[in-house]
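As structure tokens, the next two blocks hold two forms of the same chain, structure 1 and structure 2.
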Structure 1
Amino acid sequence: MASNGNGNASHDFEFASSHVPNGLSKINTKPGEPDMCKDDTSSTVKVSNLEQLHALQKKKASAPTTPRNATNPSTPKNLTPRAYLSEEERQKQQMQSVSASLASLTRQSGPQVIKGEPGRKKSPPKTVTAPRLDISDSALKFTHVLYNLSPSELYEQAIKFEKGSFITSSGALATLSGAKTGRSPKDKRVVKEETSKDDLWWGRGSPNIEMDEETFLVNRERAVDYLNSLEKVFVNDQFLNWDPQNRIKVRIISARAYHSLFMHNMCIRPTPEELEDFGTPDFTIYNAGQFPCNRYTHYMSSSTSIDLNLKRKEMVILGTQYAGEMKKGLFSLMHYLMPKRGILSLHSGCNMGKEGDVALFFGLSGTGKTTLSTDPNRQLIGDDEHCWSDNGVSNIEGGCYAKCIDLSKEKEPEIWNAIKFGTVLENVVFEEHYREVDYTDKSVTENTRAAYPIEYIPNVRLPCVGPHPKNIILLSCDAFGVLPPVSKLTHAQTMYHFISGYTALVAGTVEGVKEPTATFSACFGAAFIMLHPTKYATMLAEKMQRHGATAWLVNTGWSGGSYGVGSRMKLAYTRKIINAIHDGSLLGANYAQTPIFNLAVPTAVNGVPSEILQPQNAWSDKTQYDATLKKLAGLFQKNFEIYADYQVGGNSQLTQQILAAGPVLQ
């Protein structure tokens, strides 16, 4: 580059020899000439139109290359070893499996299915079903299967086709669950059939509302026909339980990208190699939630029906798009399957310290379970659902389902930072232009939620397994203010308080509530248990005894009086108590007994004022304390009447021992 004498830079170009009258050289643009003006920075893209160019943008996923043992004894003799199957044959087998899952009960085979999105230009698909004589319009069409899509693909599907789906400023996908923004427990049904009816808990207090098999099949047919009528369905093949010896294969067939992404996050995601060998699922969910059940069908009490059939290993969802129904439906399944294997299923949080000490946290909403189990100084194994087997503990899920109402970065930084690309945000409200979420806004519902993969938590333990628990922590927010901040439980007391599952609603949080209201939920998750609570409690006590675990009752509620008089237990004190449990210092403490509940309370905890450890010492009105304590004890006793006549192993001796561990009123 040279100066032109005016201070401006000039370019030294070489022009062709031809000249124009004003003396400027003429550029030669004839093809093939060496001096042709061209961009030679990169090679030309060899396409003829934009569609071909866009096709180059997406790189095809490579087939798994994990070597297979051709002589694997588990391979059936009539099947070709997977290592020798072509990609086309593998996909055909996958689609045959999906077609079988979508089979109508009134036809001989499943629908014609093809992998991929509708509208793509492809050669005519080959049918994966046999010809039928009972031909119908629905049998002539193909159902497109969007199989185990990635979060990016599911984002695109949601944004394009599902009204109410938006990308927020954090990168999370905001979506709406429709009219239902929570679970519908009164619409959940369990088929009463010969293989499981004698094992399940029925009757008073049970969450299991029965239905007959014929009615289930009617609802199944309605769901399958709806799904088969669609141009496309989403299919997730995933796992439950991080313990490889007790892993369950689940298939979720749904109509919404939101539901597919939700389950992608909440279940355990298979590797390409595991997906290649997935085969037939152990359990299938048919989520036709956009379509109502038939109100004239027997047992139906609304347009919503969530039906579980343990014999057929199937679940049908009609009339609700709330994604939590799928998560909790699978948890109910595990509450049945795992105890049958001698494995205890638990509605709990779980973390592990640097010394390998595992703690389980049980607690209802508002007790601090999420806050206390998500400890930055300990590894998170899981926040909600676990199994305790002979191998130790394992998380059932592959993700977390956190409440978002009033979420802040300061109070819960781990959850806040996990809300990013790939996370599903349910029913949140956001600013229209910048898409910043207002977590305080309850315009849609108070039950706003975030579903994200568990690896979004920085201190997660992967795989999500650990050794046998050292401590069992039962959390209660006692708004009556009469339970001690911490007490050590005997095995019988552990069973009693585990079955009780107590916390208290605070006055003002529920319309019409003027004073603290006791809430009991058996095993701290009554809505999801399948067997009688005493069975789970007995398994818990047996495992504690075998592996040397200690149980603690921790009150995160009120001290010095009931709600409105006393004050909420400081989180700093609760953390000191939990730390003392973790490091083992409380085991060697001196203990004193409380009246009526007969709880063993430590006389001193490092960093916690001694006057609040015995609740009566913090009350100024001792007469009122005695009356409130007796009132709560009476509520415990009334609640336990449901379980008092249950017989374990043909006799009621164990039940009597558990009853004796409860509060005693003179």
Structure 2
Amino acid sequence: MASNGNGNASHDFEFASSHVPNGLSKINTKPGEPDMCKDDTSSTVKVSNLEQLHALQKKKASAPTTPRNATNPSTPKNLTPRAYLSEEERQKQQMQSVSASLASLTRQSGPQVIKGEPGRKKSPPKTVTAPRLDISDSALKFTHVLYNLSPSELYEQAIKFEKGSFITSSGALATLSGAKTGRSPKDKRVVKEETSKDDLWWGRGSPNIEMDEETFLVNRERAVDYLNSLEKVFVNDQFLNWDPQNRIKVRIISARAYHSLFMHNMCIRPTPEELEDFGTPDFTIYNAGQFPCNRYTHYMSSSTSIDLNLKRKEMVILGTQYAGEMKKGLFSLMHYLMPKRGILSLHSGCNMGKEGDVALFFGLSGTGKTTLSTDPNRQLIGDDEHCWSDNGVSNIEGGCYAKCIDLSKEKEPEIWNAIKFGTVLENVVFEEHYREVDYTDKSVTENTRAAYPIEYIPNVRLPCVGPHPKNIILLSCDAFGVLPPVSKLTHAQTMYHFISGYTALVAGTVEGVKEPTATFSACFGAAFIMLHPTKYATMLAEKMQRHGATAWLVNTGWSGGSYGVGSRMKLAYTRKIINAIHDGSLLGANYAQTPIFNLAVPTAVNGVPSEILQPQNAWSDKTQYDATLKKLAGLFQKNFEIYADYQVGGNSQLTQQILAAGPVLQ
């Protein structure tokens, strides 16, 4: 009957052959049809007003989840949806839990919260009301809770309400993180309290700068008051760790859609059933990043404070909107919780080959964990944070956080293609009309970032778990240009370099500064570790020995001279080196020892010019090379002094071997 695009003409209307006086043809409806003009022929919608029509557009939500394959080990067997609860009761419990999270500690109960956006006054709001014993202006107002919104909803929130939010030509959400475009490790504080203080690493070299319990509460109150003063807050209830036995439930309360979307991408996304049974989180982040801390508060040294309280299982963020702070805050938590269970937490990328061979990529920021674990020939398990338990490896996260300065489609196609709808693009610059991103532009920061769900990488391994690692790759971006592109490490050397955690980056964007600065960051992530580095090193040594893993040191930094003279190692060469590690060919190569560092360097690697394998060959000024090598060796030795008094494991022999495995200056 109808014309529905298949080429048949509609016979619903007939033009009368006779002309009416004004020149317009008269339209006659067919006999039997109701006397109304229809502009299409499909059945009409069953609504009586526009509002109802708009309501039809949105159907019952099913939360966007992290996809898992059929044999999903990350859904614990005892997870049965609470079928006995009515939808209304369930929602009420959910909001009661959020209200409790947002409660001031001086009140018995939480603030009045309403699920959903402000301004929808039509239906009576589902509120959770606190008994009004302590009547105050802030207790009288409602806070709207935007609970586990989808990427589409978060895009709308960001674009409507957050200045600096734009959709780029590839569909990503471009945002600005404000004044802080990187982490603020000097502003991190850890509460010294009786449940954890004896386990934690304090003092020289430690990232854990202490704070007392009272001061934490002052900052927590500041964050909670700020969040409650807003019309609406975002709440994400999500998981960490793909190992089902060691999954952690986290709640993130934030004020920006950008933060909510970032965490949606970075944490593991629960299924609707898992969300129904979420209950009370194991850990809560209060992100009040737009609001500064009070500098008159004890322990505060700037307007930024990132405070971790392991006893209360809470983290407070004030004065920084850099989203990586939340991700790495949770990583710190895992660096405390997991070793207590005999599980090693690792600042590493991880992927797996067709034979089930797993590789770990350790390294500080910018050394290549994300770039090199994203490999078209291998399945990606994760780019940044992992656990190594007796069952193998598991990713902690549900997403990746790639650096995108100078990103190119040719060199890193998988990451390039992952920057699409749903991806958060931090601090990038784009052309104002077409919104084409210019990845070379450092106007906002050099630390431009893309956060995307892990399944945006096509060859992802879901669930993100794997067997015990075969190769351990320590990445170092040596801007001095003296470390070889690749070397095979002995067991003791592995421990030495793991504890040292060396990289050297160029001093940054300051004009005229050409001298590289060495960074030593224990366990390739000193900013996130909670226990003494030797604790993690002992676990790594034990696991590597038990599972027969081989370790390699790979320099992704400079070759042919230091920064300013030499050039960055070609990514294509590094990839060839990594391939030779994966396929086992490098294990059987011939090796030569280097002076001072005593590293075993292969004489040939398929696809890599042999003259760059021994770094001194690539330098034109040999005396300069010798001097630079000695300088770096001295820096290593100086850094290691703080560990000389510690034992690795119960084994003083291993400790002696580790000390002897460092560079030797004649």
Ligand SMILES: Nc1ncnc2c1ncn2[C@@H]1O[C@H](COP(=O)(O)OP(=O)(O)O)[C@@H](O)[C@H]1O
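None of the values given here were measured: they were computed from a predicted structure. One-based numbering along structure 1's sequence throughout. We call the rigid core whatever largest set of C-alpha positions still superposes within 1.5 Å between the two forms.
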(request) Would you indicate whether the form predicted alone is structure 1 or structure 2? (result) 1
(message) I want to check residue 192: does it shift between structure 1 and structure 2 by 2 Å or more at the Cα, with the core superposed?
(response) no
(message) Would residue 571 count as moving between structure 1 and structure 2, using a Cα shift of 2 angstroms or more after superposing the core as the test?
(response) yes
(request) Please say whether, between structure 1 and structure 2, the C-alpha of residue 328 moves by 2 Å or more once the core is aligned. (result) no
(request) Could you tell me how many Å the Cα atom of residue 483 shifts between structure 1 and structure 2 when the rigid core is held superposed? (result) 3.9
(message) Could you tell me the distance the CA of residue 559 travels between structure 1 and structure 2 after a rigid core superposition, in angstrom?
(response) 5.7
